[in-house]
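Here's a solo chain for you in structure tokens, the form predicted alone.
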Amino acid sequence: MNKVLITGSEAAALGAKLAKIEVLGYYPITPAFPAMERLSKYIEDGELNCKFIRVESDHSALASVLGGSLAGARSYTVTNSQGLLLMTEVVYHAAGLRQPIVMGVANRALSAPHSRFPEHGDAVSQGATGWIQLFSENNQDVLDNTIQAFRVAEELRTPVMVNYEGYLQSHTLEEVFVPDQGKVDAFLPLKRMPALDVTNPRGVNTVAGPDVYTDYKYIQNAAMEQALELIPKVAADYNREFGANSCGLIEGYMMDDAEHAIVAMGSIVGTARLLVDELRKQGKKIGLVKVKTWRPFPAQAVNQILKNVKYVTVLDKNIVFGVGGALATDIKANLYGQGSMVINGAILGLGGGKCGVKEIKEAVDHTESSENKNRSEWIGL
């Protein structure tokens, strides 16, 4: 395993290259563009045998890789923000047609007002589409999650989004351990699962009546539930094979005796670790729960790790208007009725806003104050 200094976009591209993708559909959008740029160079240099489809929109980008996947090719695309919203129609098609597509999402705020900066609103907008969603703390996660995503997608016939944040990760250099290609080939053998025969054209997504639609959606949801068992197994296999330290659904940090837990996903997890270390030195019993798998939501794992804490501070880099942060909403719903536990959501970092140690500490203090019980706090106004 080699160690290289690369950006998150390069890590996403390298993960797709190691997975030996065969179809890449893409329309340039900031800040996801560098991943496609690197992949196109791999193709041009003869390092990746892949059909690169240059399209006129993000909608067409996903449509093109959906076609490739239906024909049995390992397919990949990258997007974010308004591009992901434009894809939404096809996002639902890909999930409903049970195609094992992997998509990198370089998370970026949504309009209006127009923003080029990072947050999780774009991914959260797709939370009900039927895609598995993995979140990355750092560039190592981007690479590891991308490779694992193909294995999960192909075993479950369910598409996977690998989320990493624009600029904070997509354009930032970090040291990343890169697995050997031969070992990746063994870990991720190509599984041909064509839904179409090009020599015998047929239609897909024909009209379904009420007599079969509910049953179909029940089966689709069952696959998502199976992901809660498969994702940890795939992560364990990956760690064993490559000597990595990739988590499955969630990961606890300093949680053994914690009375207060911070829960977060994405790059803010790394910042929260710094605060936990600082407060631990001051004698405070605080820990951190990293959520890697947001969809399907790992309710049982979350409930188990938080069952003994008194305070929970959930950090959300998104807002579901009129409700609160998406992660906090999930946490509160699954811990409803847990005695006197206080669960506060903190909304911060929207549109690239400040979400450093100071802001996270403010959120923690809000949770423990007598005036703030089970509510959402806006940090950084």
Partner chain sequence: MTIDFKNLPKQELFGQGNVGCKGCGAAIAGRQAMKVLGERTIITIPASCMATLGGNNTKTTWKTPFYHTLFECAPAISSGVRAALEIQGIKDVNVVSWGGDAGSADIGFQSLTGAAERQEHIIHVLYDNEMYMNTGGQTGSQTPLYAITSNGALGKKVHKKNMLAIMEAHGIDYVASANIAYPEDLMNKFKKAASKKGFSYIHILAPCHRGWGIKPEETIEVARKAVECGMWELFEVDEGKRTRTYEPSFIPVADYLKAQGRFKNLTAEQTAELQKSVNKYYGKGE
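Just so it is clear, the model here is predicted, and its values are computed rather than measured. Numbering follows the first chain given and starts at 1.
Below, we turn to the form predicted in complex with the partner chain, even though it does not appear here.
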Output flag, Val4, Leu39 and Leu173 jointly within 4.5 Å of the partner chain in the predicted bound form, heavy atom basis: no
Stretch in contact, per heavy atom within 4.5 angstroms of the partner chain in the predicted bound form, of 247-255, 222-230, 178-186, 87-95: 87-95
The partner chain contact in the predicted bound form: Val309, any heavy atom under 4.5 Å: no
The partner chain contact at Arg202 in the predicted bound form, heavy atom, 4.5 Å: yes
The partner chain contact in the predicted bound form: Leu196, any heavy atom under 4.5 Å: yes
Heavy atom of Leu274 within 4.5 Å of the partner chain in the predicted bound form: no
Of Leu70, Leu350, Ile29, Ala326, the one that lies within 4.5 Å of the partner chain in the predicted bound form (heavy atoms): Leu70
Residues in 52-82 close to the partner chain in the predicted bound form, defined by a heavy atom within 4.5 Å, in order: Ile53, Arg54, Val55, Glu56, Ser57, His59, Ser60, Ala63, Ser64, Leu66, Gly67, Gly68, Leu70, Ala71, Gly72, Ala73
